[in-house]
Each structure stands twice: as C-alpha cells, then as structure tokens.
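One chain follows as structure tokens, the form predicted alone.
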Amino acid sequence: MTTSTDHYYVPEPSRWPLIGAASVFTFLFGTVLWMNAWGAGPWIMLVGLGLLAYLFRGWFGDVISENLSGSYNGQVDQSFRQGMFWFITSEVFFFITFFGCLYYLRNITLPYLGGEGYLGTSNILWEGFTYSWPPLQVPDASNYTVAKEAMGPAGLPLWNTIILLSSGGTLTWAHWGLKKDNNRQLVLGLAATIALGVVFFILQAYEYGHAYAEMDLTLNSGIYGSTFYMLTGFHGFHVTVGTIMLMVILARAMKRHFSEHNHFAFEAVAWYWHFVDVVWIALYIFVYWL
C-alpha cells in the first residue's frame, strides 16, 4: 500500500472504545430485560442498537478517512489483515461448536438413550423410545409441538444453496474487475452479490414461515427444532451482517475509494462472505441432507 510516511500510524486518543463498551452493555442489558418480560427492555435494547449504529458509522468513518489521507503504511495493512484473519478464525470455531453439538447429539447421546452401546439403556427417555434422526416424536404432545416431517434438502434449501454459491461467483467477478481497475465491473459485481444475499434472506424467512405453519417445526419441537433453528438462524444472521457490509463497500466503490493496490476493505468483506458460503455448504449437508 502506498503511503506518505514510513512510520507505523498511531491514532490520537479516541472516544470510540468507550462508546462501544456502553453500546454493547446497553444492548445486552435491554435484551436480558426483554427476555424476562420487563416493559422497558425492548426500548433499552433499541437504544443500544442505535448506539452501535452510531459507533460503526463513526469509527469506520475515521478509519476510512485515515486510509484515504495516506496515513497507513504496509505495517498497518498487515495489522488489518491479521485482525480480520483472527476474527474469521473465531467465527469458524463459533460454528464448529454448534456442529459439534449436532454431532454429539446424533452420534452419541441419542443412540445411547435409545439403547445402543455397552452403556445403553432402552426407554430411558420414555416407554418405547427408539433412536432415529430426526426425532419427530416427543413424550408429551400436549406440551410440545410435534413436527410432521423433517426439512428435506430439495426445494428452498437447494435454491438457497445455488443462490449463495452464485453470490460467491459474482463477488469473485467483482474482485477481478477491481484488479483490472474496472470500477464498473466492481460495482456491478457487488450489486449482484447484494441482490443474491437479499434473495437468500427472503427465501429463508419464507422457509421459516412454511416450517412453522405447514410442518409444525418450531423451537418447541424437541431437539430437532432447536438445532435446526439454532444453526440456520445464526447463519442467516451472518448473511445479514455480510450483506450490510457489502452495501457499505458498494457505496465506497461508487465513490472510487478502491484501487488495484489499496482495497483491503473489499478483501476483508470478501473473505467474510466466502466464509459464510463455506459454512452454508456444511450446514446444508449436515442439517438438510444427512
């Protein structure tokens, strides 16, 4: 990255860390109150979200201004890359934890409770319980929502897989345009990626509505419902965050903030989006297919 100085850039003392701590505390405090049916909880949570939005706009705005002014050198660029690498690494382990829970339930806990293995005990959950995945039976149907069937890999899940993989292709095409200093290709590729991300989100929301209304697959449908919505819901949240990040990068691309040699912000978001693609492939296989 070209720069006007050979010294590692150290910014002036900033208010943003303090605002960040206050916004996160406010948001989480409001969330806890809301979950415990305190009337002011949702409002406090919204205040926290507003503070977070203010934080992101201000702090990232400062970083963008510093970059455009030539304050950063190669060391700073390397620091940004290392930070994004470790952030995505933490996200990898976040999802590994949930996939590990799914594996433990499907291959250890439920087979054991169904009588398999040398420590297995038949009917330990309820009379007549036998292991199968997904477990669509519950001991007391009056207290639970019994799912009619499992969510299969065809239909909307398959279309969402095609859409998300296609979005990775359009983002790569945008990257090629950036490397050729073709800003039009960059903008069009980013716009197409955002559109595909929005379509993915809409189809997943429709899938949830269908699962609740037609299949009786809810969060109250035993361990299958819990793991299904936990994994797909967290992934959907990451798609939403990634789409917002791409929108910011698109706005910057339209202002020609990026060049062939100065575009780490684009690369960071591209890494994140490709990570989301890979997680969905694993999720599609283990949650929908197997």
Partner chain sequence: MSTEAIHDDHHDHAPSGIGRWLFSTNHKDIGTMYLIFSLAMLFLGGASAMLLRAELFTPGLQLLDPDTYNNLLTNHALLMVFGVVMPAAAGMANWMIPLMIGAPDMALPRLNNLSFWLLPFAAIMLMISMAAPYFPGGGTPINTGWTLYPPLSIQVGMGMDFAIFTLHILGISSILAAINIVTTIVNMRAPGMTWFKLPLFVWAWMLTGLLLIMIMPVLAGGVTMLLFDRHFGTAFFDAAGGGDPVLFQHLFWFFGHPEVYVLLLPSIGVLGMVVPTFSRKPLFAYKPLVYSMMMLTALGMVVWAHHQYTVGMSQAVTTYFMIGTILISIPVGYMLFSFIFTMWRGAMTFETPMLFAVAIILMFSFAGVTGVMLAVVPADLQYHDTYFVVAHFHYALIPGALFGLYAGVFYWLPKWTGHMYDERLGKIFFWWTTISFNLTFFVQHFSGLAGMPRRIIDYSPVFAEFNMISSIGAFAFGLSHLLFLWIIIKTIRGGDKAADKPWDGAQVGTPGLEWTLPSPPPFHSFSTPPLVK
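Residue numbers count along the first chain shown, from 1. Computed from a predicted structure; not experimentally measured.
Beyond the structure shown, there is the form predicted together with the partner chain, which is absent from this document and is the topic of what follows.
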So in the predicted complex, are 17, 28 and 112 all sitting within 4.5 Å of the partner chain, heavy atoms only?
yes
Within 4.5 Å, heavy atoms only, one stretch in 154 to 162, 199 to 207, 71 to 79, 169 to 177 touches the partner chain in the predicted complex. Which?
71 to 79
Within 4.5 Å, heavy atoms only: does residue 248 come near the partner chain in the predicted complex?
no
Applying a 4.5 Å heavy atom distance criterion, does residue 271 contact the partner chain in the predicted complex?
no
Give a yes or no for residue 35: in the predicted complex, does one of its heavy atoms lie within 4.5 Å of a heavy atom belonging to the partner chain?
yes
Using heavy atoms and a 4.5 Å limit, would one call residue 48 a contact residue for the partner chain in the predicted complex?
no
Among the candidate residues 191, 150, 105, 146, which is the single one with a non-hydrogen atom no more than 4.5 Å from the partner chain in the predicted complex?
105
Contacts from 71 to 99 to the partner chain in the predicted complex (any heavy atom within 4.5 Å), listed N to C, are 71, 72, 75, 78, 79, 80, 82, 83, 86, 87, 89, 90, 93, 94, 97, 98
